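Encoded as structure tokens, the following chain is the form predicted alone, with no partner shown.
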Amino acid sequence: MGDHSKRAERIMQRIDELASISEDEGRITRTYGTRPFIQGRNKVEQWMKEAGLDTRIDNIGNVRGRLDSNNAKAQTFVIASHIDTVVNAGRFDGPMGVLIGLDLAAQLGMSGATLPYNIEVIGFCDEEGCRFHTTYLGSKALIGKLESSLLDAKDATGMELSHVITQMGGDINKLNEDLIEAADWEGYFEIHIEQGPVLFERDIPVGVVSAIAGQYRAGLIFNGEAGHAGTVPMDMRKDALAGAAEFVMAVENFASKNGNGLVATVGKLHIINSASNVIPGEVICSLDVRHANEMILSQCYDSLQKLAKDICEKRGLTLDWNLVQHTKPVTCDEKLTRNLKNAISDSGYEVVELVSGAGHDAVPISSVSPVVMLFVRCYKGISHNPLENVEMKDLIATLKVSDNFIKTLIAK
């Protein structure tokens, strides 16, 4: 299916070109609905058109390119990832998978192969959820599971999601016109950097994802009593920050002791009306808990909530605990995964199975379709960071494996 080195070079050039489109000078930031996001999305659509795909931007903002089967009753096989980024992102998280998918579809189009089903390449518009704190907007809309309440979500400026959709040319009343019905799914394939160190440490270019960890996200508010730092005795204080700090350490200790794949993180901490001479009266923080086993995940989440309540009771604080997100673990499709493993071994590489601790658009898609994922080695496992990097040799290996995998699909 063409020279892998030349194809990899073109993909890398496009990754760099997309990385140059950003909200922030000197770093990569493309959050949902912003002008740079739209510019980047339009660039991807242009490349899809050049590859001979039928393209469109759907109402939520996904960019989509399609090769149709001659069979009018054919189902659809989707190759996808996301094109939005976190703030100060790396180049590869998301866009690499979209651009490899585009390359695979372009090769199929040039080959003239008879397709047993439609092939659709999708660049999802909002997997990271940075602007509205609502992950998987694009993939949820694609399967008709975007909660209507999310349309009222507001960004930091107070702008509602529904307004941003309209600004981009979408129609919130037509979101369901863009979905792929559950009965029409043949399968879903996502290529993504590992975002972990296993492949890097073992110097193996690719790995197959067996499962994606489930996740709880919560928002916490520790309420105490603000007071003068010089006049309130230590034993009479209701210091919200001290309570939050104790909780942060308790989360780290709990996850470390429980182990077995559990990870728990407090990634945000905001002191309301902070000043050097004021005892903090209100502190807002986040909690992120992940595990590949739903029972263990749920038990640990409940235990951490009890830890927070106990800390507040001991310190005379009150606690507001709000569940922001809960996604259950996903097991990748057995048949598709077996085919992907064969494609890896047939390409001459060792087969490594990995559990993804990060969430992906494959999570919501798994509710309507069999899903399969390929991880690609990245430098030291670093992601969500400008140091994020994929070597050319690993990109070439990814193309070889993906070609072999696609061959098994169209041989149906």
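We number the residues from 1 along the sequence you see. Note that the structure is predicted; figures quoted are calculated from it, not measured. Here the rigid core means the biggest group of C-alpha atoms that line up within 1.5 Å when the two forms are laid on top of each other.
Below: the form predicted together with a further copy of the same chain, not depicted.
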Open item on the list: Is residue 265 near a further copy of the same chain? Define near as a heavy atom within 4.5 Å, in the predicted complex.
Closed with: yes
| said: When the contact criterion is heavy atoms within 4.5 Å, does residue 290 count as touching a further copy of the same chain in the predicted complex? | reply: yes
Checklist entry - Taking heavy atoms and a 4.5 Å cut-off, does residue 256 contact a further copy of the same chain in the predicted complex? => result yes
Should residue 195 be classed as touching a further copy of the same chain in the predicted complex when contacts are defined as heavy atoms within 4.5 Å? yes
So in the predicted complex, are 229, 280 and 315 all sitting within 4.5 Å of a further copy of the same chain, heavy atoms only?
yes
Exactly one listed stretch (52-60, 32-40, 341-349, 355-363) reaches within 4.5 angstroms of a further copy of the same chain in the predicted complex by non-hydrogen atoms, and it is 355-363
With the partner omitted here, the residue among 149, 173, 157, 276 that in the predicted complex has a heavy atom within 4.5 Å of a further copy of the same chain is 276
If we test each of 107, 286, 305, 210 for a heavy atom within 4.5 Å of a further copy of the same chain in the predicted complex, the one that passes is 286
Contacts from 227-245 to a further copy of the same chain in the predicted complex (any heavy atom within 4.5 Å), listed N to C, are 228, 229, 230, 231, 232, 233, 234, 236, 237, 241, 242, 245
Notebook entry, point to check: Is residue 222 among the residues whose Cα moves by 2 Å or more between this form and the one not shown after superposition of the rigid core?
Noted result: yes
message: Superposing on the rigid core, is the Cα displacement of residue 141 between this form and the one not shown 2 Å or more?
response: no
What changes in the predicted complex is the Cα distance between residue 136 and residue 284, by 3 Å or more; the two atoms are farther
Working note: in the predicted complex the C-alpha atoms of residue 288 and residue 86, off by 3 Å or more, come farther
